[in-house]
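First, one chain by itself in structure tokens, the form predicted on its own.
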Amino acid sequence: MHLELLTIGDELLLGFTVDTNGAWLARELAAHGIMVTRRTSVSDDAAEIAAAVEAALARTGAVITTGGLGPTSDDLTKPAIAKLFGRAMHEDARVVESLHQRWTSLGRRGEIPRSNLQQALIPDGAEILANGHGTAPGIWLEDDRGRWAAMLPGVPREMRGMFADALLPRILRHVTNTQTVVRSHTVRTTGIAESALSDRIRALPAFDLEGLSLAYLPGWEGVDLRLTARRLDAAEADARLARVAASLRAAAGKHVYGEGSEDLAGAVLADLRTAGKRIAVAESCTGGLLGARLTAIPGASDVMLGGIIAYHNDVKQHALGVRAETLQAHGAVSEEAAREMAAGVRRALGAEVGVAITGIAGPDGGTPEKPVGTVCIAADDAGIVESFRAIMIGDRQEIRQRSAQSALSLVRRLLRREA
């Protein structure tokens, strides 16, 4: 089965909201062998909505929309699609009653606002998709040629619940072959360039993708290797993904840190637990980002002791014990300073492992010798110290993110004695 996704809202086109709905729906549908052939976003404009739905129906005969089902004046999805299907709108008594019950259950007094009752307007001949997660009901509208449009709310929590509860079972009844799937598997790497990774993979003896597709997805975290299997039964897809992923891991070697959506911070915490060690962080240019990465993982408190944000040189000296001579001779952005920061935070907090970041995140502060993006990172494992200096690319936020990721990678490799 093929269908299209249409996400609706001015906020999507203005860039204030990221379209997470489209990405989530595409993954869920692919897991059931349903191919999304196109994703489109349009503004809160009735003519734009109708034109996009009409084009999608002409191409695939099936479209899911999200957004524009609420009670306000910019919620135009239902009337626009109803008009396209040649259907009038009527107020559905069941939806009205449901809205009143929800209004009362929330402890609200007085009459429900008239604008809320707009959500009870349903196109003639449509099927209501129950919303057990909010107020706006979803809509299934089908024409006499079997073409259909399914309308879901734009609130992600409501959309996901309604899709699972009401829409997916109905879609699967239209699928002629549910034996094949579309599945992906991701191998996550860091500390190696996309081109170098590609060369390693091509150099594998008798490397065979076995009909899978391979995408290189570079970002500040590193390079993800995304394998995708299409039009295979579940068992065969899983078997091929496992075999080819093993080959990719062999090619990437120590640069692999996880699978799927695994975070490098989680991998570092796991290595610390295995080693029976605790960690403390000292940060300058990242301002706590590294500590935030570690503490975002549930259960981190058993090995993550804390950190010191040593943004000013006085803090580097007095809280971390960085020597004035080091700062004078090498500067705050130097491997020498980073190594003393790592040792200092380890001593100050009583950790077995200390890690430190100091650098120039920009956009100002660079010099010819130390341009913007210069970052020095050090890790100290009970006196065994590794450090490096690098030039991170990107804007201020990307430099900070890349620095935190590189620090995690250094700690992991030091713990494994791969640094």
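Superpose the two forms; the largest set of C-alphas matching within 1.5 Å is the rigid core. Please read these numbers as outputs of a predicted model, since none were measured by experiment. Each residue number is its position in the shown sequence, starting from 1.
The form predicted in complex with a further copy of the same chain exists for this protein as well; it is not shown, and the discussion that follows is about that form.
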Please state whether every one of the three residues I122, G134 and A404 places a non-hydrogen atom within 4.5 angstroms of a further copy of the same chain in the predicted bound form.
no
Which one, 326-334, 143-151, 289-297, 196-204, holds residues whose non-hydrogen atoms are within 4.5 Å of a further copy of the same chain in the predicted bound form?
289-297
In the predicted bound form, does Y311 come within 4.5 Å of a further copy of the same chain, counting heavy atoms only?
yes
Taking heavy atoms and a 4.5 Å cut-off, does V315 contact a further copy of the same chain in the predicted bound form?
yes
In the predicted bound form, does A338 have a heavy atom within 4.5 Å of a further copy of the same chain?
no
Give a yes or no for V281: in the predicted bound form, does one of its heavy atoms lie within 4.5 Å of a heavy atom belonging to a further copy of the same chain?
yes
Of these, A30, L57, V385, M392, which has a heavy atom no more than 4.5 Å from a further copy of the same chain in the predicted bound form?
A30
At 4.5 Å, heavy atom to heavy atom, what parts of 225-240 sit next to a further copy of the same chain in the predicted bound form? List them in sequence order, or say none.
R226, T228, R230
Against the rigid core, is the Cα displacement of L57 between the shown form and the other one at least 2 Å?
yes
Rigid core fitted, is the C-alpha displacement of D10 between the shown form and the other one 2 Å or more?
yes
Does Q397 shift between the shown form and the other one by 2 angstroms or more at the C-alpha, the core having been superposed?
no
